[in-house]
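Presented as structure tokens, the chain that follows is alone, the form predicted alone.
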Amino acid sequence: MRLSPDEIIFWEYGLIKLNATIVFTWALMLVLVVGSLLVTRKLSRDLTRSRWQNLLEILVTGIEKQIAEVGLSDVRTYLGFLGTLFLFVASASLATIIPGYEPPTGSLSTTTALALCVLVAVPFFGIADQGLGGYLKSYMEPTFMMLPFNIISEVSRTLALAVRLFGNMMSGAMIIAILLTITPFLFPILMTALGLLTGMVQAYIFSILAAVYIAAATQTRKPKPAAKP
């Protein structure tokens, strides 16, 4: 039983290896890019709209609502990043219905890369919102002695994001594989549906956690508006 798509090697030359994680990651990104271009090439403001545009509007509206509920005010600023995270993880799970496909989120390297994206995005949006000085100052509040602890917190939560997504995706895939091996003729459809549900839940959790971290970096420790006389 394979524990990770990293174990599937398509091409190898010396130390250079082309494994399933790399292939399926780039294939998935290509599908998302081409799909987005096709869906958005003929957008309409009329009452009559295509099914794809309706689906796109439902997705965008739903993601915007979730971002707003986290506490981020300027939703459109974070829509591109958080929406892309959600669509990538969700699509990686939905594509498991394709025979021979291995979700790249089942590899620790992929989940680490996604978590690093969040690690970079948090200070990026924090600096854009508060300025460099204001954001760096937040690491030393309420006292400068908190600086090392805040830095450790940034690193540890990034590691936790990567391990959480990897562990949940891998454990779900292993459980499904074991059950399908034991009862191959009784529960294949049910187990596949369970895997899709698990993947969608993980996509939602990962995106929401990223939004929470960004909200903490952009909205905490802001001075309260002065009370009106």
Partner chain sequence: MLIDWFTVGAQVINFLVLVWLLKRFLYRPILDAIDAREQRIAAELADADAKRAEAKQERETFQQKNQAFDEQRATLLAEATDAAKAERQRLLDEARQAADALRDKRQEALRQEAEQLNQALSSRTQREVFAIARKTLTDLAGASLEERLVAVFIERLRTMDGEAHALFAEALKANSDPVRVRSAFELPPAQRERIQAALNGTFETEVSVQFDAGPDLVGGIELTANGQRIGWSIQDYLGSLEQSVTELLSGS
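Every value quoted in this text rests on a predicted model; they were computed, and no experiment measured them. Residue numbers count along the first chain shown, from 1. Basically, rigid core = biggest C-alpha set you can superpose within 1.5 Å across the two forms.
In what follows, reference is made to the form predicted in complex with the partner chain, a form of this protein that is not presented.
Remark: residue 79 counts among the residues lining the partner chain in the predicted bound form, judged by a heavy atom distance of 4.5 Å or less.
For residue 114, a non-hydrogen atom is located within 4.5 Å of the partner chain in the predicted bound form, even though that partner is not displayed. Residue contact check for residue 164: none of its heavy atoms lie within 4.5 Å of the partner chain in the predicted bound form.
A residue is said to contact a partner when one of its heavy atoms sits within 4.5 Å of a partner heavy atom; residue 215 fails this definition for the partner chain in the predicted bound form, lying far away. For a residue to qualify, one of its non-hydrogen atoms must sit within 4.5 Å of the partner chain in the predicted bound form; none of 150, 156 and 198 qualifies. A heavy atom within 4.5 Å of the partner chain in the predicted bound form is found for exactly one of 193, 68, 160, 43: 43.
Contact annotation for 23-52: residues with any non-hydrogen atom within 4.5 angstroms of the partner chain in the predicted bound form are 25, 26, 29, 32, 33, 36, 37, 40, 43, 44, 45, 46, 47, 49, listed in sequence order. With the core held fixed, residue 212 shows a CA shift below 2 Å between this form and the one not shown.
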